[in-house]
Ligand SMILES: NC(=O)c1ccc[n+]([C@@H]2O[C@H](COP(=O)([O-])OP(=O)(O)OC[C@H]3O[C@@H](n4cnc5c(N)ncnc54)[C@H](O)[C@@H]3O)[C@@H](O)[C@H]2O)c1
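One chain is shown next in structure tokens, namely the form predicted alone.
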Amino acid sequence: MKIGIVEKPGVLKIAERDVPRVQNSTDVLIKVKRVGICGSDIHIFHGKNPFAVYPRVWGHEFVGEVVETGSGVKTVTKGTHVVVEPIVFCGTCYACRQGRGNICESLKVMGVHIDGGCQEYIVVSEANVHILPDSLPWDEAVLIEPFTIGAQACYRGNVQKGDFVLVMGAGTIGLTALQMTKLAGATVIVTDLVPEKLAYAKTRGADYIINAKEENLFEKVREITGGMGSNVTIDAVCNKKSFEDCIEITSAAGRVVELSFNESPSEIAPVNIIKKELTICGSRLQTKRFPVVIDYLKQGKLPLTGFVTKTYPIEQMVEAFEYVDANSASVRKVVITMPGI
């Protein structure tokens, strides 16, 4: 079978590998249908992901059809359409005991620490598969994992109906956060520097858009919120300044949700946190958000048509990565289609 592998930073190629076999009672063999290219995959390719181990079959956003199951599998059978939850956790450390396997002490992420979904067939544990309706197109199903990231940001920020939410950054993850916070009943403000990205955010439900290059972000947010500031600020820009801006722009009793792995220290006076009693939290991967996103899709509440920018067959995987690299300002999601589809 074909696999897409990053052999080392800067070296991406298609290789051949034997089809994996079901060995354990809880194993599920899946024929992969679609794999989404995430910004973190690009970082792995460029050697800028501190967690990646090489060589690595990339891909943590993938969907497919069950081909075979182990003797103990009860939830899926041959032919079931599934999306794979790409995290493996121990279940016993403090974080896991708190129900937060996404930050497990021995966390393994498919496509980062262990091999991921860019292969024609993959074996995963039954615990990592979520059933999809057969009617859901593969090109939409593959978007579920990135939307769980937006759902997690909404969950971590405790977004409530009537809140003013500022989403900083109208890239892929910012857009997922936008749609999930809208579904929670919030009024959503999106800021970016690229007019085209802001215009697209408007089509996805943004109540207000702010081009921070042309308008004063702080003044505009205060105007929209009646001088209060945003109740929840989600940082999907993820640089030193954006984090500092979050502290200033968020209202009293507000929440700041940080999505960045940026290692540059920020300069924040503690008084700016204390005087408003801000809650500042990180948001990594997701915690039990797959059922949430899938339920929204089943109810028809989460429109995904048009979110995929472009698709490539696996034979053109290198060109797909090059396209994402060259068009990072406009790409929402580029998807790899696997053979036999």
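Position 1 is the first residue in the sequence shown; the rest follow in order. The structure displayed is predicted, hence computed values, not measured ones.
Form predicted in complex with this ligand: not shown, discussed below.
Annotated contact segment (heavy atom within 4.5 Å of this ligand in the predicted complex): 187-195, selected among 77-85, 107-115, 129-137, 187-195.
Taken together, the three residues 142, 199 and 334 all stay farther than 4.5 Å from this ligand in the predicted complex, as judged by their closest heavy atom. Checked against this ligand in the predicted complex, the residues 206, 124, 237, 246 give one hit for a heavy atom within 4.5 Å, which is 237. Between the options 221, 159, 173, 256, the residue in contact with this ligand in the predicted complex by a heavy atom within 4.5 angstroms is 173. The closest heavy atom approach of residue 212 to this ligand in the predicted complex falls within 4.5 Å. Contact between residue 261 and this ligand in the predicted complex is found at the 4.5 Å heavy atom cutoff. In the predicted complex, this ligand lies within 4.5 Å of some heavy atom of residue 283. This ligand is not shown here, and in the predicted complex it never comes within 4.5 Å of any heavy atom of residue 101.
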